[in-house]
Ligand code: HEC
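In the form predicted on its own, a lone chain appears below as structure tokens.
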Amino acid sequence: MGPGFWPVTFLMLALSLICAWYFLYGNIDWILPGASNPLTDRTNDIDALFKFMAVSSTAIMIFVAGYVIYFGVVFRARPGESREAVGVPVHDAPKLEFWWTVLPSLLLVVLTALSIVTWYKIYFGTAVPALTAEVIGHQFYFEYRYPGLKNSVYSKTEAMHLPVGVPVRILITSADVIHQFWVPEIRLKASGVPGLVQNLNFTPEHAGTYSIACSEFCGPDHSLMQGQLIVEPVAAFNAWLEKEKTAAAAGGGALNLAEGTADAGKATFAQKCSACHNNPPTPFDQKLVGPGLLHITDDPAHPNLVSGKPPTPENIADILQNGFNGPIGQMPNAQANGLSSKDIANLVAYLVSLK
């Protein structure tokens, strides 16, 4: 094996054991945020899988890199040796070859088994869910739906809420392109794919506010597709849900287009609409995400709105209020965009003034 082989081997073993101890018992919050205080039962499962992979892969890296360096130093060409000199004449090592094939294979079998068990818990859960919520990805926001709540909740204006200690199932899909719903502290993520519903099962165990992000590039404003998850006591969650139901029943006030002012609408447009429509407004064919809105009421090339209706103030307001899903994309409704009745009236006044 060469001089110093066994001391070097024991040194690498010691390094592997130190790293293993650190991954298993040390503070690894800088790698896995919240590892010392797991947010859910699935966080524990995924962190355990990560630690197993970290311990085994670190040991492999130390031994492989260590032996490469060791043999490169011990059996290097010495000054004065012929360039045609033959190294140690070792050919075939059946026992060594057997074990370096069997051990990695066993490691992969164990890793596969642990991964399947963890995946099964995530996808099917370990308890009957007491709450099933839906997450729908849009360009560029998340829509949240709850049982018994008529209107959706949108990440642009509100946080997602979940109760502590209650088994939940989140159904994830997309209305347009592929998105990725991800809460880093939970460790869980799932792709939102149009036409496909995936699910995550877990039980939140600690109250707090956590970040939600889309981790799949989904368009020019992908970086803005963020939100918050509020995990709170059951009583607080129920109070929030009742508040949402009351607000939905109230309807957000009556819409009076006569109250709108173009100047206020211009400011609202820059704040609420410029992510998808060119600002200042451009002709219809100059599309950002949505079409240009210049001359929306008197464009001879496009005499109707995308809804097929004439460009009257009332029909413009209808799209702003209720949204629209058509061949050129999806227009979020007023709740998704955080628009009040006054905002809609101001936007209509501004768009009508663009003649």
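It should be emphasised that the depicted structure is a prediction, and the values quoted were computed from it without experimental measurement. One rule holds for the numbers: they count along the sequence shown, beginning at 1. Throughout, rigid core stands for the largest set of C-alpha atoms superposing within 1.5 Å between the two forms.
There is another form of the same protein, the form predicted together with the named molecule; it is not shown, and what comes next is about it.
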Practice task
Mind telling me which stretch in 233-241, 90-98, 77-85, 268-276 gets its heavy atoms within 4.5 Å of the named molecule in the model of the complex?
Solution key: 268-276
Problem - The single option of L49, A35, A59, I296 touching the named molecule in the model of the complex, heavy atom within 4.5 Å - result: I296
Handout entry: 4.5 Å heavy atom contact with the named molecule in the model of the complex for all of T173, P204 and H206
Key = no
Exercise for the section: Find out whether any non-hydrogen atom of V55 is located within 4.5 angstroms of the named molecule in the model of the complex, and reply yes or no. Expected result: no
Handout entry: Proximity of F324 to the named molecule in the model of the complex, heavy atoms at 4.5 Å
Key = yes
Practice task
Answer for G66 alone: is it within 4.5 Å of the named molecule in the model of the complex, judged on heavy atom distances?
Solution key: no
Exercise for the section: Classify I31 as contacting or not contacting the named molecule in the model of the complex by the rule of any non-hydrogen atom within 4.5 angstroms, answering yes or no. Expected result: no
Practice task
Determine the residues of 331-354 with a heavy atom within 4.5 Å of the named molecule in the model of the complex and present them in sequence order; the list may be empty.
Solution key: M331, P332, N337, L339, L347, L351
Practice task
Establish whether a shift of 2 Å or more occurs at the C-alpha of I69 between the shown form and the other one, with the two forms superposed on the rigid core.
Solution key: no
Problem - Core-superposed comparison between the shown form and the other one, C273 Cα displacement 2 Å or beyond - result: yes
Exercise for the section: Align both forms on the core first, then report whether S211 has a C-alpha shift of 2 Å or more between the shown form and the other one. Expected result: no
Handout entry: Cα-Cα trend for L171 and L339, given that in the model of the complex the distance shifts by 3 Å or more
Key = closer
Completion exercise
Working note: in the model of the complex the C-alpha atoms of G219 and I319, off by 3 Å or more, come farther
